[in-house]
Structures are given as C-alpha cells and as structure tokens.
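Have a look below at one chain only, the form predicted on its own, in structure tokens format.
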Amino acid sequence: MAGATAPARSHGGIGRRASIAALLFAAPAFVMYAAFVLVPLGMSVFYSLQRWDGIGKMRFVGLNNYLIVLTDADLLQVIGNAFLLALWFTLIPVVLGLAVAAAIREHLGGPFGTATRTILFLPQVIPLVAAGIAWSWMFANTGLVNQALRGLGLEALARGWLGDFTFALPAVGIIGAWVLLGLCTMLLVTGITKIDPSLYEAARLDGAGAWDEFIYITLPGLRQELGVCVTVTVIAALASFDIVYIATGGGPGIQTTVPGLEIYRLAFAHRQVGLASALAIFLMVLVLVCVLPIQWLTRVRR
C-alpha cells in the first residue's frame, strides 16, 4: 500500500508546484491589471455616487448622477451622437472592406493586391490627431472638398462642413470611417485567404455567379472577421474623443459632442467629477451592451 500511495503523492506534489508556479507567473500581470483597470474602475464607481468638484469635500448623492445622465436632454443627445457616429464608423469601413476583399481575392499575391492593401492600410498608421487636422483643412471653406465641388460646378453645395449644424456629424463620421477602413480591409482580406478555394471552384461548376459566391461562400466564411470589425468600429465610435476634439471640439453647439468629450468637459472644465464618473460608467455599460450581442451573433458555432 505504501508503494502505491507514494507515486500518487508525488504526482500531487508536482501538480501543486505547477499551480503555484503558474500563479507566480500570472501575479505580475494581475497586479498591473488591478492597479490600472480594477482600481480606477472602482474609484469611478465610488465618485459616481458623490457630488464632488475634485478638490473640496464629497457629498454622497446615491444614484442621482445616473438619473441626471438618463434624463438630461443634452446628455441624451450626446449619447445619441455616439450611436450616429457608430453607423458611420461601422457601415462604410465594413461594406467597403468587404467589397475590396472580394474584388482582390484572386489577386492577393500579386502587385495589385499588395498595392491595394498598402494604400488602404496607410490611414491606420497615421496618428488620429494628424488625421483630424488634415481633414479639418480639407473640409474648410477653402479646403479641397469645396474646391472640388466648385470645380464641378456645384458651388451651391460648398460650405464649412465641420461648422454646419446638419453636416458636421456626418463629416466627422467620414473622418472616422476613413481611419478605420484600412483595419477592416486588412482583417477581411486576411479572413478571405482562409476560405477553401475548392468551395469557389465547386460553386462555379454548379453555375454560381460572382454574387452567389459572395453571398453563400464569402460572407459565411468571414463571419468571425466581420464580428471583429463591427466590434472594433462600434467601440471606436462610442469611445471616440481625439478625432472629435481636433476636428470640431464638439461643435457647432453640441452637434458633434460625444460621451468621451463630455466626460472630459464635465470633469476638468465644469468640475463635476461625480457626474463625469457616472457618464463614464454608463458609457462602459453601453459599450458592453452593444458589443456582447455582436460577439454572440458572430461567433462560429461548432
């Protein structure tokens, strides 16, 4: 009996040592995660329950800050602006990315495919601040967009796009879509290379056209990549700050103000740290509510 239990104890000791070693290796990462994610998150939740100007004494107000977020007309418009931006940030990059990926699928290894991918990915490596400044120049009254319209005889359409109450938000949406187009295209092009070419050959033998191949082979094959693209672009829109801050500063009025910019203003300009924290927590919940269903719908079921 003693000989039979000795190996079991030995295996148990090795298992415990392996578990302890794994915990020791994971401990630095967990400490960093706790210090830079969990602690700030907990502090934000705590501040969101207070009325505080950032310096003086805090006053506990319970859920009052959250009620303000859910009932204030301006804050609701700010949240709505983020959802409108999400449409621009998502639809244009994903649709164009799909079209480009399908168009260059058979030329990915050639110079045409390489040049297309390089050109489309360039906006992704440009700092967002630089992209915002460049597009601000192009959307100005004397910018490239208006000069092109005047050159085409469409003088009546020329305007200061980023200062127009109607077109400011779509103009910001175009800037974000331009930045995200390269990332979506690269993800979809990478995904399309994983689709078995024999599926396309079999479809052609059955008389399928290009549209049928796209609908019945390409789209289902890119399900996971589409999920990643939509997730990234929706988060980029809901959490956007830099492009809006540089391009419009949130104006005209609050037509392009988004939650990220409003949180900054409330905390550092209006000194309403509690309300800013409540909006930040609400934004985090909003992102989760939007992203989790997308991940569930686009996951591959085996």
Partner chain sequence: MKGLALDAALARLLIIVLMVLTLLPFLSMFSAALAPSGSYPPGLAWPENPQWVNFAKAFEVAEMDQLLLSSLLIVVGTVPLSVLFATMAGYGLAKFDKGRGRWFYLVFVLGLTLPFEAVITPLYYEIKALGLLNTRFAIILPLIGLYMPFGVYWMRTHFVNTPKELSEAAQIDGASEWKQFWLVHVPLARPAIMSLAILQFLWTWNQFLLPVVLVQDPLQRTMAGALGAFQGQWGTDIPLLCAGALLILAPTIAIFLIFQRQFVAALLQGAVKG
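In this text, rigid core is short for the largest set of C-alphas that superpose within 1.5 Å between two forms. Quick caveat, the model's predicted, so the values are computed rather than measured. Positions refer to the first chain, counted from 1.
One more form of this protein exists, namely the form predicted together with its partner chain; it is left out here, but the text below deals with it.
- Although the partner is absent from this view, residue 127 contacts its partner chain in the model of the complex, with a non-hydrogen atom inside 4.5 angstroms.
- Within this chain, residue 260 lines the site of its partner chain in the model of the complex, having a heavy atom no more than 4.5 Å away.
- Though the partner is left out of this view, residue 44 does reach within 4.5 Å of its partner chain in the model of the complex, counting heavy atoms only.
- Although the partner is absent here, residue 251 sits far enough away that none of its heavy atoms falls within 4.5 Å of its partner chain in the model of the complex.
- Shown alone, this chain has one stretch from 214-222, 184-192, 73-81, 165-173 that lies within 4.5 Å of its partner chain in the model of the complex by heavy atoms: 184-192.
- Only one of 149, 91, 199, 99 lies close to its partner chain in the model of the complex, with a heavy atom inside 4.5 Å, and it is 99.
- 273 is the sole member of 49, 273, 234, 69 with a non-hydrogen atom within 4.5 Å of its partner chain in the model of the complex.
- Contacts between 119-149 and its partner chain, taken as any heavy atom within 4.5 Å in the model of the complex, involve 119, 120, 121, 122, 123, 124, 125, 126, 127, 129, 130, 133, 134, 135, 137, 138, 142, 143, 144, 147.
- For residue 60, the Cα coordinates differ by under 2 angstroms between the shown form and the other one after the core has been superposed.
- Superposition of the core reveals a Cα shift of 2 Å or more for residue 28 between the shown form and the other one.
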